[in-house]
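Below sits a lone chain in structure tokens, taken as the form predicted alone.
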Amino acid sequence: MLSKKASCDSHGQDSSYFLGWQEYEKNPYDQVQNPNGIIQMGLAENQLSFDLIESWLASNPDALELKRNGESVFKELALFQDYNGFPAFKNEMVDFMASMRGNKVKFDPNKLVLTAGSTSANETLMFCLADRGDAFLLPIPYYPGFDRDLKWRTEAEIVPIKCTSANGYKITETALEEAYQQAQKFNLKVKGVLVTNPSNPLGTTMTRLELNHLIDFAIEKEIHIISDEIYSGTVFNSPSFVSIAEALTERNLEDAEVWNRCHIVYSLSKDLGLPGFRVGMIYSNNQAVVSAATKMSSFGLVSAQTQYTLSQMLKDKKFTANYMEENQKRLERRKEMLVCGLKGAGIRCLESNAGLFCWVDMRHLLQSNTFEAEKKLWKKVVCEFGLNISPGSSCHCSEPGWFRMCFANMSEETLMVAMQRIKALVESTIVPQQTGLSKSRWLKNKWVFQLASYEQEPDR
């Protein structure tokens, strides 16, 4: 006797992305307690710089102990708070966002809406911009959780913008138009385009050309742009990150209609590694959207205690600047560890410059160029070799054989174990009938395969 919403299966929980998590939770890897368990490489979590956060908290006990100048503010924070959010926190947030963009753009705290994480922010924007059955265009591959975040409760639709490995998954004018026409074919009203920049799962930043294609398209079709920029502070290599706000400003579009149809989603989950704090936000130039989203935010508020503690941290500009610089260096080093380990096993990655993951090309390990073969390989990786990675099909990739592997949620030692398992996977997958050798001869000559991997063309 449940509602249709409670009993339907449109949440997306049956995706291989979530099923891999379930397998991990049954048998999680532990270096000492469970060395044969499953290593979690499906979680885009940044655990590389906790020591910097903890060091700041140790040096600033008032922030965590909810004190101001040594005096407790517990009662003040424990009582009812306006769901507009603390002005002090919102002021620090817009400064932080601007600093990560080289202060090339400024943000107004009055245009900021606080939400309980970016999941809530994206869903809230859907409720503000789309009615049941309206569509948003999303470039594929995209974050699997969007099927839940954007569609489940709002009943909006997603239409894919087909991007492929042939050009590094760049968004083209042709792909945008084809997606729009596809929506028209199914009698869907297109309300906007949503992009993640930097991309999840690709780990790449959008080029100015792509951003201009997006802006021109939104102007022509008179639709919205949502730019999910939650990984903006993880960019560790060139090209640098360009926000949609910067791209619009460069074209002097502040007085154009598209300015009011542009919305940014951000959170502190990835850049500061604080997903458990549930701090997300919507930034919009459209006051009607800000007003509606603020009303909706009462269903998912950021706690007063969280706002107070983080406002004190973000106010320390020297700390945040040092943190971002060091965190980006650590991310780059860890990413190179993964890329080198995979390369040693004969596996290449899409060239990337941001994020907490790599987009990994395992097409040569498929028994056939099909998603059925991809699923079979994924099950083997999870069940036989104890690695939870996300198959490209869960991200709606149009080409079988690509996988997302996360690298920032584990220790170096655990990553090394994961690379050993990857090598073992490759050795078991390149079977005699693929190499044309007997198994014994293939095993004797497997070092040739590893050597050859270093002579392949550079990572794409």
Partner chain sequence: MRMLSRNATFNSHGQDSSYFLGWQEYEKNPYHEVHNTNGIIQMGLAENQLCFDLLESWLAKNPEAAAFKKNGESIFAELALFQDYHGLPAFKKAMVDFMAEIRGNKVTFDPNHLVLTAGATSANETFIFCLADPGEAVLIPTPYYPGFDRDLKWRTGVEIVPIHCTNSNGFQITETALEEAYQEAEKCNLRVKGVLVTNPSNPLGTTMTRNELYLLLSFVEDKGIHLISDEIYSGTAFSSPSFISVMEVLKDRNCDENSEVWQRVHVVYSLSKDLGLPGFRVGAIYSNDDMVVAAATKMSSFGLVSSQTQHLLSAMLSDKKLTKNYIAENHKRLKQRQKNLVSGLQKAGISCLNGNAGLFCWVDMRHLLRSNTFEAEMELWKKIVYEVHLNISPGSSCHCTEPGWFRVCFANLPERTLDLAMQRLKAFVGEYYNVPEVNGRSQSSHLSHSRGQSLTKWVSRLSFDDRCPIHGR
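Positions refer to the first chain, counted from 1. Worth saying up front: this structure is predicted, and the values here are computed from it rather than measured.
The form predicted together with the partner chain is left out here; the points below concern that form.
Peer 1: Any of the heavy atoms of Trp259 lying within 4.5 Å of the partner chain in the model of the complex?
Peer 2: Contact with the partner chain, no.
Peer 1: When the contact criterion is heavy atoms within 4.5 Å, does Thr124 count as touching the partner chain in the model of the complex?
Peer 2: Answer yes; at least one heavy atom of Thr124 falls within 4.5 Å of the partner chain in the model of the complex.
Peer 1: Indicate whether the partner chain has at least one heavy atom within 4.5 Å of a heavy atom of Ala78 in the model of the complex.
Peer 2: Answer yes; at least one heavy atom of Ala78 falls within 4.5 Å of the partner chain in the model of the complex.
Peer 1: Does at least one non-hydrogen atom of Asp30 fall within 4.5 angstroms of the partner chain in the model of the complex?
Peer 2: Residue-level check for Asp30: no, no contact with the partner chain.
Peer 1: Judged by heavy atoms and a 4.5 Å cut-off, are Pro139, Tyr169 and Ile347 together in contact with the partner chain in the model of the complex?
Peer 2: No, none of Pro139, Tyr169 and Ile347 comes within 4.5 Å of the partner chain in the model of the complex.
Peer 1: Which single stretch, out of 43-51, 399-407, 30-38, 413-421, brings residue heavy atoms within 4.5 Å of the partner chain in the model of the complex?
Peer 2: Stretch 43-51 is the one.
Peer 1: Considering non-hydrogen atoms and a 4.5 Å limit, which listed residue (Thr196, Asn388, Ser120, Ser243) is close to the partner chain in the model of the complex?
Peer 2: Selected residue: Ser120.
Peer 1: Could you spot which one of Ile158, Met100, Ile161, Ala130 gets a heavy atom to within 4.5 Å of the partner chain in the model of the complex?
Peer 2: Comparing distances to the partner chain in the model of the complex, the residue within 4.5 Å is Ala130.
Peer 1: Does anything in 295-315 come within 4.5 Å of the partner chain in the model of the complex by heavy atoms, and if so which residues, in order?
Peer 2: If the 4.5 Å heavy-atom criterion is applied to the partner chain in the model of the complex, 295-315 yields Lys295, Met296, Ser298, Phe299, Gly300, Leu301, Val302, Ser303, Ala304, Gln305, Thr306, Thr309.
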